[in-house]
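Single chain ahead, written as structure tokens, the form predicted on its own.
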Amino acid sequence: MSVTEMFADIQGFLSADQDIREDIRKVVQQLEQAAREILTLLQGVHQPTGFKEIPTKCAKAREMFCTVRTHMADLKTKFPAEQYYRFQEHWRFVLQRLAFLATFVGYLECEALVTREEAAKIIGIEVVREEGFHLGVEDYLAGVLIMASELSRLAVNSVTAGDYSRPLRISNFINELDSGFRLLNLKNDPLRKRYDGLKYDVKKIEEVVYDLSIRGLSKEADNAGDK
């Protein structure tokens, strides 16, 4: 084979690779748009009247995840299954955002942490690497940490809306999350940086709870919960 023929073969490989990447980008853009629409919907819970609409918004978000699952099914067809990690960086960010949205919806519904298996099911992918397109542990944890930041914001807005018991429940939940993350030996730099942000979320929520306490509103919330 001549040098010219060798480079012609290489060009063919590069062109095919570029075509795959372009097909992946198009589907990822659709996933990003779907994620933005779900986030826009869920942002409504931060409004003064949003707490009353949480069940409705969560139900609507669940419906919108149908579009996500459709796009995910399409994405799986755009690259050879054995080359998953070769193209992973194209969808890693949006997958973490979707993991955040899935866990956030789960928390709003039952004030508990959605498991990786449950989050993957909502998104429409697997949890086992050997089964193909999957939600990796690190991507799931990144989504959980984004959710923690969203909950710290929700705690502040709860007080503004006159819901004084919600920040106390959020505080308990975030502290449990923090305790869980402390059990992990995180060596992934991006994930480690996100975890460092959790410390600020814990502090922010503790300040909200402390403010409620000195104003006597935490007792009022406890009494309301007992009734």
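Remember, predicted model here, so these are calculated numbers, not experimental data. Numbers for residues come from their place in the sequence shown, where the first is 1.
A second form of this protein, the form predicted together with another copy of the chain, is not displayed here; the remarks below concern that form.
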Of Leu141, Leu108, Val94, Ile125, the one that lies within 4.5 Å of another copy of the chain in the predicted bound form (heavy atoms): Leu141
Heavy atom of Thr77 within 4.5 Å of another copy of the chain in the predicted bound form: no
Residue contact check: His90 to another copy of the chain in the predicted bound form, 4.5 Å heavy atom: no
Thr56, heavy atom within 4.5 angstroms of another copy of the chain in the predicted bound form: no
4.5 angstroms heavy atom contact with another copy of the chain in the predicted bound form for Gln43: yes
Partner contacts in the predicted bound form for 128-160 (non-hydrogen atom within 4.5 angstroms of another copy of the chain): Arg129, Glu130, Val137, Glu138, Tyr140, Leu141, Ser152, Arg153, Val156, Asn157, Val159, Thr160
